[in-house]
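First come two forms of one protein chain, each written alone as structure tokens, so that there is a structure 1 and a structure 2.
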Structure 1
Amino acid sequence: MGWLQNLDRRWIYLAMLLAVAIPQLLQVRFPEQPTPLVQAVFDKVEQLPEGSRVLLSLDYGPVSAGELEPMTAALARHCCLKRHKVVFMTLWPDGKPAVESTITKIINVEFLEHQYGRDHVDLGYKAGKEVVIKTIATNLRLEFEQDNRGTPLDELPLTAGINNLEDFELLVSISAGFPGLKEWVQYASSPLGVPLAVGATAVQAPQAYPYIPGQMLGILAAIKGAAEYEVLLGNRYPAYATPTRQDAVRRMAPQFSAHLLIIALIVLGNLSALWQRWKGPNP
């Protein structure tokens, strides 16, 4: 056991690298069981009448894209399948490409009948963090006179009749931090009472639980939340049960092995400390 005391940290790094890389290279997949909080979000999107207006705020940058991109894709697909009208926006300066790629790689490829301006609109980014939410809660046009392509909102059929956040049937924030889910609760769902669903990074998710169910109807927590949503989508729409459309399910395999590694490391670390204590201090 003594060698554990002096173990070079780089061996631990190598073990972590292998724990994540090997399941990816072997393309391992594990089944996922949806949990009630993800089911609540899925049911809400599913039960909204066709053509409902949904605001999808992608409040994350490339740092968290690995965690949040799959849930954005799954939610966008679900909204499009239900023919909901989706308005995209972001409160993060580096969140614009996330909106753009959701439109070009998901909607433009898989939902050819969806037309920009009628079925979905990209409002782009606005600086001002939570002040933006507070303002659009009462007046959307004070922040967004035009969409991200420079078209006035009044000229787009989807946004022509939208004046504030209360005109949406559902708000969704895919959030990686500040500004994100907390601000959407504080400035939108709490004062207005508009239903809010949330997708969050693993770091942020535990802090959101107190808001459920009064101020938030459910949460897609981390990559597992996204995987559960993909499974629910696949169960309801079999075309979406294919591996090529289940990024999060695929990424749960490295989680499996890496979590076991972390547990093993904690146990080994404690055994090593016990051994040291039993052996007594070094002379």
Structure 2
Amino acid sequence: MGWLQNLDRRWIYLAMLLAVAIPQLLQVRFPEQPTPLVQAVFDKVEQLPEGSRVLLSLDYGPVSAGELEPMTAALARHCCLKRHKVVFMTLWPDGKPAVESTITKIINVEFLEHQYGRDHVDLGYKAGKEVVIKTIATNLRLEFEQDNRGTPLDELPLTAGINNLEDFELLVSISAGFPGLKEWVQYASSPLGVPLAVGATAVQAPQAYPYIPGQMLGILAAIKGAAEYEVLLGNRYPAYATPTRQDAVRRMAPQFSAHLLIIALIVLGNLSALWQRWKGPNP
């Protein structure tokens, strides 16, 4: 196995390319079994009465969009299917494109009956990090006097009757770091008792587990969590069980094969090192 010690790294790059590309080209799909943490979030959105108000805070930038955009799309679709009223916001300065993209590509394309101002509102970005959450917990208009388009909140049917976070039936934080899910727990769900669901990157997800089920309903962790939610949505609404609306499911096979390749390379590398040690130094 000594040849592994001198293997040109370009062969490894090629193997990784094939591991990712082949499942994509063959459109490989793996069955997803939703976990209780994802099921809890889905059930909450599903069971809320029609017209319930949901705050969706997209606290991530373009760097994390690959992990978090699919779950944002799935949650937005689910809320619209249930005719909930969705208020979007972000605590990240580079989070505005995520909000605008969700409204433009999901709501404005798939739910033409939804009207801006009546069924959904974009509050945009507000600087201040966790202070913003602490403030809007008691008074929304101290931070947001108008929406992202410059319209006063009192002139929009959806936000005219919203004074603070307690006026929402569900809070959702999809975050990639600070400020994010931890701050929504500390300054919103924990002191107010408003139900909170979260979506997070794979790196951040472990921070959420201690808060479940007390301060959080559940969590969608990275692409895996998004794929599980897409499967639940497709099972409940068959029209949404299509490849174009199950982006996270589509990404699971390439991710799985890439992880298998990495594990195989680690095992082979360690076996090669043990082989060299057993043979002893070359004379």
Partner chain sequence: MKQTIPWLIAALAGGVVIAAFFIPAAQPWQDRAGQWFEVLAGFAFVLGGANLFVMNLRKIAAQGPGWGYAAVTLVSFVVTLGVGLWKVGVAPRDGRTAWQGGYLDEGSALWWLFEYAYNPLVATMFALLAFYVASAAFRAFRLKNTEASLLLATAFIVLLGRTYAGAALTSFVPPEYSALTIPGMTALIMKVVNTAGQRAIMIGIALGVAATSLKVLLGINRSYLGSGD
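Take the two forms, superpose them, and find the largest set of C-alpha atoms that agree within 1.5 Å; that set is the rigid core. By convention here, residues take numbers in order along the sequence of structure 1, the first being 1. For clarity, every value in this text was computed on a predicted model and none was experimentally measured.
Q. Two forms of the same chain here; which is the form predicted alone?
A. That would be structure 2.
Q | between structures 1 and 2, rigid part identical for residue 47 and residue 187 | A | Same rigid part: residue 47 and residue 187 move together between structures 1 and 2.
Q. In degrees, what is the turn of the smaller rigid part relative to the larger one between structures 1 and 2?
A. When the larger parts are aligned, the smaller part is off by a rotation of 14 degrees.
(Q) residue 27: how large is its C-alpha shift between structures 1 and 2, with the rigid core as the superposition reference, in Å? (A) Here residue 27 registers a C-alpha shift of 2.7 Å.
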